[in-house]
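Shown next as structure tokens: one chain only, the form predicted on its own.
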């Protein structure tokens, strides 16, 4: 096992337990949720059946903020490891669970904290902004955390002569660099889902659906973003499709978001932008590790639990608080 969370899984000795196929999983999950005073969070990229049973659905930071406002004793985060860590950072006294501890993230894995710390040492006069899609340890090395929806505004809020390191996503960093005109030092990390969209297949879809608007997440590569009618966060893309008058959309992000788009706009057509492989849509294999069965086991056994060192929590809270302060000042 290579990653931190996989080693953590091995250390805990947690093994998936077979679930009785005759039980009503939805009913049992709801029963356990009430019994344990738990709240279920589901990221937009989860399977539709998990989204439908969740108390809150959304982007990672927003979900953690929602959970922190509740009186729940237990937070079950149906997402990936760094998201559950963020929930723990914002709710350190609550028990935070992740249905599958192996649900990692290619982007957070692309930026090991010990290597980033050495990288940071090369630029002692630079302020560090990290995208929220990273480990707790990386947040703890940062000055400000940002999201895909506020990254541009966060950078623009800083003095023009402020030197900045931006990580871990090079594509989001390049997008921010282009939008702000700032000379950012970028860490060379990326999300596998957003780097494998096929330009040729998207072009073919646009030829087949000339009336469709093409919308994309800023984690996509620049040549994909260059063709987009709208660029925004996952929640921003959802909002755009609700408010926009078009009837057809080609969507360049993880395909799980299409479930909420279709629910919000049942008369509209949503087409997942295809990757450069044989798949028709682009799924995150890490996100899809979570299942209803694992969600049930997670609640029943209250494992796997996410734990962070107290000093890491305190250091990681500060850049998040700084982001929230700036956002409040900007009215975001």
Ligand code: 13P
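Because the structure is a prediction, the values reported are computed rather than measured. Residue numbers count along the first chain shown, from 1.
Unshown form predicted together with this ligand; subsequent notes refer to it.
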item: Contact assignment for this ligand in the predicted complex, among 241, 260, 171, 234, heavy atom within 4.5 Å; value: 234
item: Heavy atom within 4.5 Å of this ligand in the predicted complex - the one residue of 42, 273, 287, 298 that qualifies; value: 287
item: Complete contact of 86, 102 and 135 with this ligand in the predicted complex (any heavy atom, 4.5 Å); value: no
item: Interface membership of residue 194, this ligand in the predicted complex, 4.5 Å heavy atom rule; value: yes
item: 4.5 angstroms heavy atom contact with this ligand in the predicted complex for residue 148; value: yes
item: Interface membership of residue 82, this ligand in the predicted complex, 4.5 Å heavy atom rule; value: yes
item: This ligand contact in the predicted complex: residue 131, any heavy atom under 4.5 Å; value: yes
item: Contact stretch among 118 to 126, 92 to 100, 215 to 223, 200 to 208 - heavy atom within 4.5 Å of this ligand in the predicted complex; value: 215 to 223
